[in-house]
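Take a look at this single chain in structure tokens; it is the form predicted alone.
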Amino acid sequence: MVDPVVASRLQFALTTIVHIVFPVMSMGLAPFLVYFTWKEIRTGEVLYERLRRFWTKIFAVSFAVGTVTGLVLEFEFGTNFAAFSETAGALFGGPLAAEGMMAFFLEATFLGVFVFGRERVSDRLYFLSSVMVGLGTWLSAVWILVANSWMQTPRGFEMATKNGHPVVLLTDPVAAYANPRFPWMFVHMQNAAVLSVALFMAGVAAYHLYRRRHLNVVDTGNLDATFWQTTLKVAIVALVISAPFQAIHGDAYGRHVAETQPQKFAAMEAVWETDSYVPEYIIAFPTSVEDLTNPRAKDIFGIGIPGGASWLASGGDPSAEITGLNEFESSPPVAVVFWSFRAMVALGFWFIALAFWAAYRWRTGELLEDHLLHKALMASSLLGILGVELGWIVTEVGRQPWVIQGVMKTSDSVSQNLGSTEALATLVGFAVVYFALLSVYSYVVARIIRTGPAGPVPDDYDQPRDPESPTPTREVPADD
């Protein structure tokens, strides 16, 4: 029979990996929607109205599916991880309740105005609704990351017992909720979401431009080159800003991890023995078949930067000492953390190269003619989300076997009365349901992308309106 601890961990990992796609899409799209709405109201150009309508469709679908898949995660704390809830519920429940009461209702309320209210409310109120939707989306991340970051660097609490069970008592809310990890996680996550959506938008625009590569001027109707050119240029601007920033911030974030979670950092670098001048391995493989299954294999073939890991841990000293995993009582699955970290970093450097490649072609006036760039953007459209998934694997798997770092182990957090049959049944059930939801979501988004911006294009398509004239209105199709 399946170990209920293993089944519960697999179930939570599965549901989290699928769910995170939708918040990333909504958080990343939010600033773009605010920009398109501001430009639409300020200039009156139909171009920005169509941009706002098109990307709002994908935002709304992502919000709906993300809400459904996110609620299940909170239920799992009660069904599969009741021991964790009993121990940390008094502290952990606060941020989750705030996320529901503050962020979700703010986002859901103004999303109704934003989606259906363009012809029903004033420009000012409509722009406010776009800002409130974006604010609600990012506030959700605030409270979720407050809870998660506390599990990484717990502060502001003391342990007690209640009916013989260990419980966490909140003693300092500021220290707990503004714990050292929170600002690092929030900035890294939000920038990753913007970067991921910028890659997605660039890939979608490149797809349409590549399909219609014989067009290089404004077309009419759905064959609208300007729509996709503008989408691509806005995405490139976001990429040029967010991709280098993610690498710079990630470097500083790595030093913070080395200081606060040395065990996780050692796993990221696969450092077993405490040592100095530790290289930053780009690749590393065991040299014998027997060692392939030995996580402590000594004979490895590796290509690395001498002193690179020590330099990363210390912030510039290649001779700095790194505490090895052998100094700790237990260690996470090192290979998973090691390779996830390298894949994430490699993607980050690829995103920087792609951003500046696109910017260079834009500057030289060859943005529409470089079909190799279009193919690269199309191939990379989902790699940002893959990078987010890899980052979460490093974050969550890297702190194992702890669910609350240094306080509670994951094996102690699973519901005590959960049997193997129930755990396996729910694992299979959620796998089927989440795969179905992801498939439906992918189909709907792909259909929206293939259809493109709906609606006829007027003759004064890209002409700004007279600021003294009333806001233009037009008849839109029922399915727009």
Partner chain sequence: MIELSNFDLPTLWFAVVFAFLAVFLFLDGFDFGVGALFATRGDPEEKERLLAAIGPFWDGNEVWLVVFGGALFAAFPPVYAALFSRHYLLLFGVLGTLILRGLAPEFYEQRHDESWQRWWGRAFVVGSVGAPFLLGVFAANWLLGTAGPTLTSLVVGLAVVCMTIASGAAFLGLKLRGELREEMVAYGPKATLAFLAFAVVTLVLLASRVSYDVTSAALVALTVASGVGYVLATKQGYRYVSFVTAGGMTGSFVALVGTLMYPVVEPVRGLTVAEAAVGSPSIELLTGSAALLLPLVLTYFVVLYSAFSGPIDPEEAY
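This is a predicted model, so every value here is computed, not measured. Positions refer to the first chain, counted from 1.
Same protein, other form: the form predicted in complex with its partner chain, not shown, and the subject of what follows.
Between its partner chain and the residues V336, A97, A359, A379, the one pair within 4.5 Å by heavy atoms in the predicted bound form involves A97. The partner is absent here, but in the predicted bound form a heavy atom of N80, alone among S196, S310, S130, N80, sits within 4.5 Å of its partner chain. In the predicted bound form, its partner chain sits within 4.5 Å of a heavy atom of A423. When its partner chain is considered in the predicted bound form, K233 lies well away from it, no heavy atom lying within 4.5 Å. By the criterion of a heavy atom within 4.5 Å, L367 is excluded from the residues contacting its partner chain in the predicted bound form. For T161, no non-hydrogen atom is located within 4.5 Å of its partner chain in the predicted bound form, even though that partner is not displayed. Each of V72, M102 and V444 comes within 4.5 Å of its partner chain in the predicted bound form, counting any heavy atom. In short, of 348 to 356, 112 to 120, 379 to 387, 240 to 248 it is 112 to 120 that has heavy atoms within 4.5 Å of its partner chain in the predicted bound form. Heavy atoms closer than or equal to 4.5 Å to its partner chain in the predicted bound form belong, across 55 to 77, to the residues A60, V61, F63, A64, V65, T67, V68, L71, V72, E74, F75, E76, F77, ordered by sequence position.
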